[in-house]
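As a starting point, one isolated chain is supplied in structure tokens, in the form predicted alone.
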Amino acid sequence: MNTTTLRTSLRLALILGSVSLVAASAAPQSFDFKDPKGVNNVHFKLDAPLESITGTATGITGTVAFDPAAPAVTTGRIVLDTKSLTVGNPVMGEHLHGAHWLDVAKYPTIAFDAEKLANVRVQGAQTLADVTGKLTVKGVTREITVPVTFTYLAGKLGARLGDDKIKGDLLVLRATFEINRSEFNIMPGQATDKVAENIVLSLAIAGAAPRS
């Protein structure tokens, strides 16, 4: 090997070594889903033969660790305040919060703990994946898999908050999935003509990662 070739090889080795060190030192960003604007929301729908019930919830908190360079290692926990669940009919809302249904006094939160991602596909700023984790509703925990779209928006925190002086990134999560209320001990098998067994949940929530 001549001197020129040796120098080129050494330079290449140094460059590759530097890239490896940068990759090894990179860490996921932590995104906070407690929304100061109060816009984050979950919609739910129960479509029974006699009645179709729809409602929303806005009491959302939690954190997600996300690395746009390695989305497959995403982890996190999203928590919903059950008292924030509302429906259009006030009496129906009281029943929803009551001991026979969600019993919000005893079970003040619904939580999803993401554990692993599969079928990860990156499409520009979006990452699509099947997220498997533990869903806890009314004290019952079950493993479920949810199709989730992650949208990483670098430098867009200030734009969302209406203040360009605020620096940071956004992570938007969108998902639609179903759960069976009987599996979570929510009046199993009861009143199915008016309250559907399957609950369709749709969420669109944004998490913030401020930076200086």
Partner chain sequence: MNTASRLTFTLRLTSIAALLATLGLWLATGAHLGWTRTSKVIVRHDEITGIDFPVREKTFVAGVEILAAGTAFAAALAGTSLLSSRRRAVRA
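This is a predicted model, so every value here is computed, not measured. Residue numbers count along the first chain shown, from 1.
Quick note: we don't show the form predicted in complex with the partner chain, though the next part is all about it.
Using a 4.5 Å cut-off to the partner chain in the predicted complex, not one of A48, I179 and N185 places a heavy atom inside that distance.
With the partner removed from view, the residue among V148, I144, A65, L153 that has a non-hydrogen atom within 4.5 Å of the partner chain in the predicted complex turns out to be L153. The shortest heavy atom separation between V122 and the partner chain in the predicted complex exceeds 4.5 Å. Interface membership of S30, defined by any non-hydrogen atom within 4.5 Å of the partner chain in the predicted complex, is ruled out. Not displayed here, the partner chain is approached by P90 to within 4.5 Å at the level of heavy atoms in the predicted complex. Using a 4.5 angstroms threshold between heavy atoms, A206 counts as touching the partner chain in the predicted complex. Of the candidate stretches 113 to 121, 135 to 143, 98 to 106, 80 to 88, only 80 to 88 contains residues with a heavy atom within 4.5 Å of the partner chain in the predicted complex. Contact annotation for 149 to 175: residues with any non-hydrogen atom within 4.5 angstroms of the partner chain in the predicted complex are L153, K156, A159, R160, L170, V172, R174, listed in sequence order.
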